[in-house]
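What follows is a single chain, given as structure tokens, in the form predicted on its own.
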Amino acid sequence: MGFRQDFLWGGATAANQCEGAYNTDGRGLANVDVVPIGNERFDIISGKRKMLDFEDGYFYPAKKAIDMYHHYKEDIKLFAEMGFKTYRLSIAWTRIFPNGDELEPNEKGLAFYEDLFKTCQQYGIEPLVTITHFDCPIHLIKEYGGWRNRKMIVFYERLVRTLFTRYKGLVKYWLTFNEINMILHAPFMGAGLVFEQGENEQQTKYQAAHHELVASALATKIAHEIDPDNMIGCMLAAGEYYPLTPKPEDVFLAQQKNHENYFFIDVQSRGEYPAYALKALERGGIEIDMTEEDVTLLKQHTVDFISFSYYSSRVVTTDESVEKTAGNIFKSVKNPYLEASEWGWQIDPLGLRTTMNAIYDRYQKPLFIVENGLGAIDMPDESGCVKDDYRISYLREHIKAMKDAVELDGIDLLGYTSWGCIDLVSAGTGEMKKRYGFIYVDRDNDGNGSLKRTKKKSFDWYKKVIASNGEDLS
């Protein structure tokens, strides 16, 4: 048996990487808007440097991005031509509540997404909506300190009640927080955290994560109350850690790193903090402010399915002299058996199957692969066509591994959305030249270009994959 007949093939984007129109129709300023391209980018997203407004001398790629705000009908039509069954996108929080703490939402923002969802439905495309894909209103960061503050749960509840009510019947599949484990690595992007000198950063990160976990459980509760057909998922940045050697210390370190990665998903899926996490917090002197109401909410409102991103596996060793890879926010030792992308991401299709088995064994809930793809420099030829055979090869091998996990290992998989189905701004680097899409967008790293959309070679290849439900990968 191959993929289920209702398998949800599609593609994925994030509002802050594609919509642009940062100040249009009442939208407010968000953390994802004020992250520049260039060397300072990671200092900002890691919370090491404060940047809460636009500053002279920097280029902010999210301001315009690929202007999907004004091109979404054209883009969704192209997705439909490929045969998409689902389109994963995210809500820009500040389109709905510009400051984040208003009592009433912005109608123009609500109307924009309503029309977008209805456009999807016209083509038989099921929206898969991420409520928070790294978005946090700047006002909430300045006034409340971002997710370090328990009041954020109230503001998030107001957001989700608004969304679930307005889009009842238009959206069935929801994700509460994108890559929730990224808060440990990119806390400004993950939770709107900017650290003050002398602050206990680990304490702040884990407390903020707890607030997000409670907010996620509350959203799951509300979603099921408003519409019992709603399906709520969590989302993690996945990829198994391998030990570099069979040395017991390397094996144990890999296990510890995997624990760190799954910690938050354990809570969202099982309903309580795992024992290993409680012990780790205790050893680190971290005390989570957790109420009895929190404990009950987490236990009673776990997610319906597990979604995740997968780009590469990771390798660890206790030998600090071993070479590390470049370009990946998750630090990894170089795997001598794997090739790497132009940005140093190690390419490991079998690692996807390994990761799927690890997650499914752990949770026994349906899985959904919501990000997977190859970032590469695409060069149009004389006719303007991008012959991206390297992307086709990458996706083919990963889909084969995914298919084996379903057919041979018996994993319950709901769907697959390739990341960056249309070229967009890279979250990690802010670049446009790091392209993932089946559709080329004429825009460069400096914001120049016509924004014209052009099909790449991979467009027709993916169309064929979807039409055959994953049987024809040639």
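Please read all numbers here as calculations on a predicted model, not as lab measurements. Numbering starts at 1 and follows the sequence shown.
Keep in mind the form predicted together with a small molecule is missing from the figure; the text below concerns it.
Each of Glu179, Ala427 and Lys434 places at least one heavy atom within 4.5 Å of the small molecule in the model of the complex.
Interface residue among Phe134, Trp174, Trp93, Tyr156 relative to the small molecule in the model of the complex, by the heavy atom within 4.5 Å criterion: Phe134. The single contact residue among Phe164, Phe117, Tyr394, Trp345, judged by any heavy atom lying within 4.5 Å of the small molecule in the model of the complex, is Trp345. In the model of the complex, the small molecule sits within 4.5 Å of a heavy atom belonging to Trp419. The small molecule in the model of the complex comes within 4.5 Å of no heavy atom belonging to Asp388. Contact annotation for Phe264: none of its heavy atoms lies within 4.5 Å of the small molecule in the model of the complex. The small molecule in the model of the complex comes within 4.5 Å of no heavy atom belonging to Phe188. The partner is not drawn, yet in the model of the complex one stretch among 126 to 134, 207 to 215, 147 to 155, 283 to 291 has residues with heavy atoms inside 4.5 Å of the small molecule: 126 to 134.
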